[in-house]
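Encoded as structure tokens, the following chain is the form predicted alone, with no partner shown.
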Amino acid sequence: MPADEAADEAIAVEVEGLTKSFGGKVVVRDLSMRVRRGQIYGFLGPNGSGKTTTLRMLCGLLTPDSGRGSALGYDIRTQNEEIKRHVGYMTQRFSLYQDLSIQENLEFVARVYGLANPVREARDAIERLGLVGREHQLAGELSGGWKQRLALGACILPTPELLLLDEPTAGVDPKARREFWGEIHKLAAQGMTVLVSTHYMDEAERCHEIAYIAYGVLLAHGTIHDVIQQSHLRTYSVSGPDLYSLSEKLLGLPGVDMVAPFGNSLHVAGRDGEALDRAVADFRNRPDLHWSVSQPSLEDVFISLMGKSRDNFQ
């Protein structure tokens, strides 16, 4: 196989200049991104940033106003039916039948997909997802974590090559979230490509690569290390008395791009290190405050990015 064809085969999603508007408001603006096969790609950003709209364009549910893209080699504009046959899409809201049991829901989905043996496929999914013993429980009686596990099972019944997850663990407890992500990594290890939107920093850190989108614009992307390095943030951690009053004094000073409480300390950061040092110089001389240089966290980076983003619906 020629090198260029091999490179194309290794790419699951590629879009360039993707733009989508609703009611005159640009929701996704000139978005370009590339996702390799077998990768878990995290999609992060505040509410209303265009994450859901982007996922829907990738799976053929929405047509972009401009730009081009492909998912699994299929054109997202002209081959949306082919894309739908190879993509699993899990929405934010639980979309299975509340008054059917786990087994009945999975058998129904298997029949919708035209699988050869719906009963066996449902049984296999129940075993794979650790739902044995719950198969006759009504979906409406499940906790949030079990509902999400059932929804994931339904999405992967037809063994899609690409899985799109839209904030799949919102409102789910930490233990259930960890177990859910264990399943995601297992699927990726088996060759499935996963795009997942999330608000949780610990989930972002479980992804192979991430992209941060704010109000329709892609602001950062790459590995966690890359995104932190690209931020060029200089960060201090400061502890001492009355940190709330200190944060109020620091906010808005030239060179201070972010002030955020972290437990018993504040993180103070700026993209211009020299300007930041000038801004905090007097405060660093106070004997009641302890200042130390710290490595910026992913959350520091995202708070900083949000601070320089403009809400396109204001």
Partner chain sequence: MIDLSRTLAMLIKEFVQLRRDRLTFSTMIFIPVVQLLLFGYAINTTPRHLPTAVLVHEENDLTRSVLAALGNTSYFSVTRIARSEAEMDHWMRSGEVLFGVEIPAGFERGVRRGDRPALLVAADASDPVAAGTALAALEGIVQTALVRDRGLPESIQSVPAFEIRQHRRYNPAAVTSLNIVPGLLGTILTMTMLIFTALSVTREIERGTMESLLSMPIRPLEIMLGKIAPYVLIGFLQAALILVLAVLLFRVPIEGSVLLLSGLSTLFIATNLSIGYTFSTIAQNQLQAVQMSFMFFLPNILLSGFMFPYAGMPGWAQVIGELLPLTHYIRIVRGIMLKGASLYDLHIDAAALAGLMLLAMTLAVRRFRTTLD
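Nothing here was measured: the structure is a model prediction, and the numbers come from that model. Residue numbers count along the first chain shown, from 1. Only the largest set of C-alpha atoms that superpose within 1.5 Å between the two forms is called the rigid core.
Same protein, other form: the form predicted together with its partner chain, not shown, and the subject of what follows.
Asks: Exactly one of 117, 229, 95, 143 has a non-hydrogen atom within 4.5 Å of its partner chain in the predicted complex; which residue is it?
Replies: Going through each option in turn, the one that passes is 95.
Asks: Consider the chain as shown here, without its partner, and state which of 127, 173, 81, 202 has a heavy atom within 4.5 Å of its partner chain in the predicted complex.
Replies: It is 81.
Asks: Can you check 209-217, 187-195, 131-139, 108-116 and let me know which stretch has heavy atoms within 4.5 Å of its partner chain in the predicted complex?
Replies: In short, 108-116.
Asks: Please determine whether each residue of 20, 63 and 89 possesses a non-hydrogen atom within 4.5 angstroms of its partner chain in the predicted complex.
Replies: So, yes: the whole triplet contacts its partner chain.
Asks: Looking at the partner-bound form in the predicted complex, is residue 36 within 4.5 Å of its partner chain by any heavy atom?
Replies: It does not: once its partner chain is placed as it appears in the predicted complex, residue 36 has no heavy atom within 4.5 Å of it.
Asks: Answer for residue 242 alone: is it within 4.5 Å of its partner chain in the predicted complex, judged on heavy atom distances?
Replies: Residue-level check for residue 242: no, no contact with its partner chain.
Asks: Please check if residue 271 has a heavy atom lying within 4.5 Å of any heavy atom of its partner chain in the predicted complex.
Replies: Residue 271: no contact with its partner chain in the predicted complex.
Asks: Although its partner chain is absent from this view, report whether residue 75 comes within 4.5 Å of it in the predicted complex, heavy atoms only.
Replies: Close contact is absent here: in the predicted complex, residue 75 is far from its partner chain, nothing within 4.5 Å, heavy atoms only.
Asks: Answer yes if the Cα of residue 138 shifts by 2 angstroms or more between this form and the one not shown on a rigid-core superposition, and no otherwise.
Replies: Yes: residue 138 shifts by at least 2 Å between this form and the one not shown.
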